[in-house]
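Next up: a single chain in structure tokens, the form predicted alone.
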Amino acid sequence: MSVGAPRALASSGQKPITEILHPLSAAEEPLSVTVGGDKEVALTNGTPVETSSPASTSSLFNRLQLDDDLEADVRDPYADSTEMRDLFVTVDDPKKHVSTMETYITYRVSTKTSRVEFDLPEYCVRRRYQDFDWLRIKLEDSQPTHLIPPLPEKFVMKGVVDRFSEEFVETRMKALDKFLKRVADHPVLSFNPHLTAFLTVKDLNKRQGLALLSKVGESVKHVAGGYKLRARPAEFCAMGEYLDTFNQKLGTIDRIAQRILKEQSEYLTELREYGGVYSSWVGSEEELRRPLEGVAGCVTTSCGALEDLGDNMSLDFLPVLREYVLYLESIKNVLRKRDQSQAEYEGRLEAAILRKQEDRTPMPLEVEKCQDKVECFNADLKADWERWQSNKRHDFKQLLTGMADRNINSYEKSQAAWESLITLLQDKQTEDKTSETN
């Protein structure tokens, strides 16, 4: 059960999970897998390993509280409460590796921490994309009630995007860094033993334990046979509706931004040709050399400003939109799991009530376990939803502010260039009048 669940349920008036929690039966004991060839890791159904959990429930829940103060809302979510944080991760230094079998990129993952789960205060390992993918799968299977941040897509269209180009590698590196920072900043996911292995083990052995993945969290992945969910609670219905609307908005913005980029690229091509005409004209008009060179220079400056604007949109603006499209899929996936857990509980409860009416048998233990599972999903999803909303507000404020600044800088560069041309033309006119007078 998530460490944040009891307090959330108490505040909502529901029966605390701890009151109905029972020990797991022998058949439902946590699975153990070997991570990195070192330690055995217990994988429970959404429950962090006890030895890896934080000091107290209240200390975790304090980190989930949202600050409505505007100044606090615009701060870097990875920089707030720095004094309380004890795990810092960074992804940088991409390197290309070429072998007879394959070519791939690795990234340096640096870690600084004071946690007792780590033997050393600092670590530095190299990871490739598939290692990050392994980590996300492990997190999703061992923490099914939590929202796992998305990774950038693995596959790219051949012939359209060069996955070894400097721009692509830089964009992917930023996305991987953001993914890992979000995980390390999470009050539950950051204590997951698989994250510890990912950050510390030099040679990550991803094959061990993969055969057990299909069994981890199995009880929350299947839907009670043939049972249809009665009704999703209103707050989760509102979540689903918000996700659909937000997805439509992001899709529309993305399509329009793509068209703008295409039109800007075509305009940039024409603008460069336009400036080239003035440059070539200089050779045949000596008297107009300075004005013509001035116009050509202004056009060149405008081209550079427009090119920077397009690059910023491609490398900074669109990746954030795409990340949140992927985030929406992650949230919908957790919502579906929550619904499946509720359907399982309702199905078992109805069957138990019928049996109780017939032979007056006590309520089966499985029903209470299913209820506990649903409440755990509800509490964890609510907490992660609030964190996601807070991060989203910060990211989009930063994104839109940056976009405004870049547009202002672009137009200011062009304006300054054309204003200097006016000064040049006025000086040329003065010189011509002086020459005529003399």
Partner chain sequence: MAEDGRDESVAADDDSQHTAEDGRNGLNNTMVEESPTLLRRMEICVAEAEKRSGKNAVNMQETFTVYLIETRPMDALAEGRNPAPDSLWRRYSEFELLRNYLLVSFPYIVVPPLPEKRAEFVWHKLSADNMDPDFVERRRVGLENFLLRVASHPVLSNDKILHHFLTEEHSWKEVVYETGFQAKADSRLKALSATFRVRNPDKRFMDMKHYSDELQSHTSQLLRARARVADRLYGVYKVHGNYGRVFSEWSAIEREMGDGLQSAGHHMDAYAASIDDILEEEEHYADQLKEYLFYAEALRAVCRKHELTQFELEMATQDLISKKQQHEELSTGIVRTFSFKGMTNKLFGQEAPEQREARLKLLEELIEEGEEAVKDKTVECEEHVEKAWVDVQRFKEQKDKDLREALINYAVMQVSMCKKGIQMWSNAKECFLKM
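Residue numbers count along the first chain shown, from 1. Predicted model only: the values in this text are computed from it and were never measured.
Separately, the form predicted in complex with its partner chain exists; it is not shown, and the next lines address it.
At a distance threshold of 4.5 angstroms between non-hydrogen atoms, K202 is out of contact with its partner chain in the predicted complex. At the 4.5 Å threshold, heavy atoms of S110 stay clear of its partner chain in the predicted complex, well away from it. When contacts are judged by a 4.5 Å heavy atom cut-off, L87 does not count as touching its partner chain in the predicted complex. The closest non-hydrogen atom of T100 lies beyond 4.5 Å of its partner chain in the predicted complex. Residue-level contacts in the predicted complex: of D92, D133, E270, E117, one residue has a heavy atom within 4.5 Å of its partner chain, and it is E270. The listed set E266, E170, E122, D162 contains one residue whose heavy atoms approach its partner chain in the predicted complex to within 4.5 Å, identified as E266. The partner is not drawn, yet in the predicted complex one stretch among 179-187, 124-132, 340-348, 244-252 has residues with heavy atoms inside 4.5 Å of its partner chain: 244-252. Taking a 4.5 Å heavy atom cutoff to its partner chain in the predicted complex, the contacting residues in 259-292 are R259, I260, E263, Q264, E266, Y267, E270, L271, E273, Y274, V277, Y278, S280, W281, S284, E285, E286, E287, L288, P291, L292.
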